[in-house]
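Shown next as structure tokens: one chain only, the form predicted on its own.
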Amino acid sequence: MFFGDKPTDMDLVLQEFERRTNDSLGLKLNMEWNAMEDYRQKLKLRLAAGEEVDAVFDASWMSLEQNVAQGYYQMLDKYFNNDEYPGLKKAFPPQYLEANSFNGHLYAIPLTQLFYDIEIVYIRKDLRERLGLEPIESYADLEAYLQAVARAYPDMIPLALKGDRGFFKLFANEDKQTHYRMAPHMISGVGVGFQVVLSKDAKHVLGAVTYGDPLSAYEDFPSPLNDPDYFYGSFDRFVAWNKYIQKDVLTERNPQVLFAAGKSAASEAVLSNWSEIRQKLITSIPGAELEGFVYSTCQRKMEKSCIGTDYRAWNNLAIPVTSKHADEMMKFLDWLFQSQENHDLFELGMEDEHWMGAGNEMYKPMPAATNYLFPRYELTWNPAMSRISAGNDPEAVELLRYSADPETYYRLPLSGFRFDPSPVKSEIAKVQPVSDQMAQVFRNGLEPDWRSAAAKTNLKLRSLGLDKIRSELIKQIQAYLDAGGT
């Protein structure tokens, strides 16, 4: 089970896979593709109903922790660090697996190319130059561009956003997180976004706060953490910038379609999308040029120790306990990671048709590349095997190499902590849908009086079990710290 659109040439790749492995694996892969907005609910229903599925995409930002706690996924330890699966042993070293384990066991295959995918506002360079503006180096420059677009092209959306993502991390607090965990690095699997504050020596939990909590919940925190706006002040900027985004943003699945078609002048996405977005843009609009604005200051300046990480993958592939073909599925994945050639087939498509080699670590997209846009983070991403596109502009390649440099990162507090949602799973099931709906409205700047709305929703969340979840989170973190966790 995947989400997204099935690549046009997916069947060609599957036929080539079967041709290559007919005498060895003898497998046939059936892939189901679901719309993103339907996927989470479909996955939940199928797992709960015990339907037979051999592999599913899941993630901490989706439902991974809850589904592991529910016992829906098979333990995969035996397939890794095992000479019978040399591809998996090579591609997933022990320290990488340890960072992505649950209570010392692996329940999902971690998929990542880099430990962080830098966020970018993609901009029409040709439009910016036509409007007589200098390169964008700040939020003020970006707003000047959006305002100029609104004046000169009233039928064009200045900034296209994705409905469930919104403004995402624009205007986010950029302070280094040393004794607290806040957006964008909140603890996963809790069902609601809690900002967790520790004592300065990081040995005690001072509290965990969320949208709409009263001021009294912050009063024991050290300054500046005792001010809710330290955590949520960006919502005011989202409201102010809502005038630049599309009116029907909540239903928007793919803002890059608007951008590539010339219906928007900018769009928020991530660095790994650069080559694909550029290819679509220049194919669709003759003379169009792409550039990106990295909106985190230290990332834009490519400073060391800039990005906090717990060294976990943001995306995963899990094997449900209902699968009758777990060994076959893992044999396929072992084959996938056994060689660069095998990996390239699924990640990039048919060589010399969709792509061609451009050195050891790079590839060049061919004109037919748009017919095979596989969502790599759902199956193939790997730090040792995923190539960099030569279709990226030089600044994108420089940023990708910056993202791959270990010195770019610092270790977040509580990086080894995993929340076990099982004691409060029924409360999470009630709280999460309400919290997600509220957060989506706030992330798109659609509620000018968001403070009052958050306080009102907070009362409803408390009636559904919010405080029980909060207490369990604090209890588990304190136990982790008492046991020597950091």
Partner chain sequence: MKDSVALRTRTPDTDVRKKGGAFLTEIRKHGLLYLLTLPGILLVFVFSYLPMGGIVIAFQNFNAIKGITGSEFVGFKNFEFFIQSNEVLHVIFNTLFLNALFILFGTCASVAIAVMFSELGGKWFKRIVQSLVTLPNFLSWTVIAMFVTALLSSDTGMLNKWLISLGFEPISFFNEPAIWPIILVLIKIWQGAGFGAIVYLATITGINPDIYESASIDGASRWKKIRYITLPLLKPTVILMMLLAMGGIFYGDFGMIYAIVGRNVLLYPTTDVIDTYVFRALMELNDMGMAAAVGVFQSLVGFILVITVNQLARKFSPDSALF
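Positions refer to the first chain, counted from 1. In this text, rigid core is short for the largest set of C-alphas that superpose within 1.5 Å between two forms. Here the structure is a predicted model, which is why all the values come from computation and not from measurement.
Keep in mind that the form predicted together with its partner chain is not shown, yet the notes after this line are about it.
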| query | finding |
| --- | --- |
| Answer option from Pro110, Gly292, Gly189, Gly212, heavy atom within 4.5 Å of its partner chain in the model of the complex | Gly189 |
| Sole residue of Phe194, Tyr72, Tyr85, Tyr244 within 4.5 Å of its partner chain in the model of the complex, by heavy atom | Tyr72 |
| Contact label in the model of the complex: Leu250 to its partner chain, heavy atom within 4.5 Å | yes |
| Non-hydrogen atom contact Ile157 with its partner chain in the model of the complex at 4.5 angstroms | yes |
| Its partner chain contact in the model of the complex: Asn458, any heavy atom under 4.5 Å | no |
| 4.5 Å heavy atom contact, Pro421 to its partner chain in the model of the complex | yes |
| Those residues of 425 to 442 which, in the model of the complex, come within 4.5 Å of its partner chain by heavy atom | Lys425, Ser426, Ile428, Ala429, Lys430, Gln432, Pro433, Val434, Asp436, Gln437, Gln440, Val441 |
| Rigid-core frame, C-alpha of Lys44, shift of 2 angstroms or more between this form and the one not shown | yes |
| Thr408 C-alpha moves between this form and the one not shown by 2 Å or more, core aligned | no |
| Core superposition between this form and the one not shown, C-alpha change of Ile157 at least 2 Å | no |
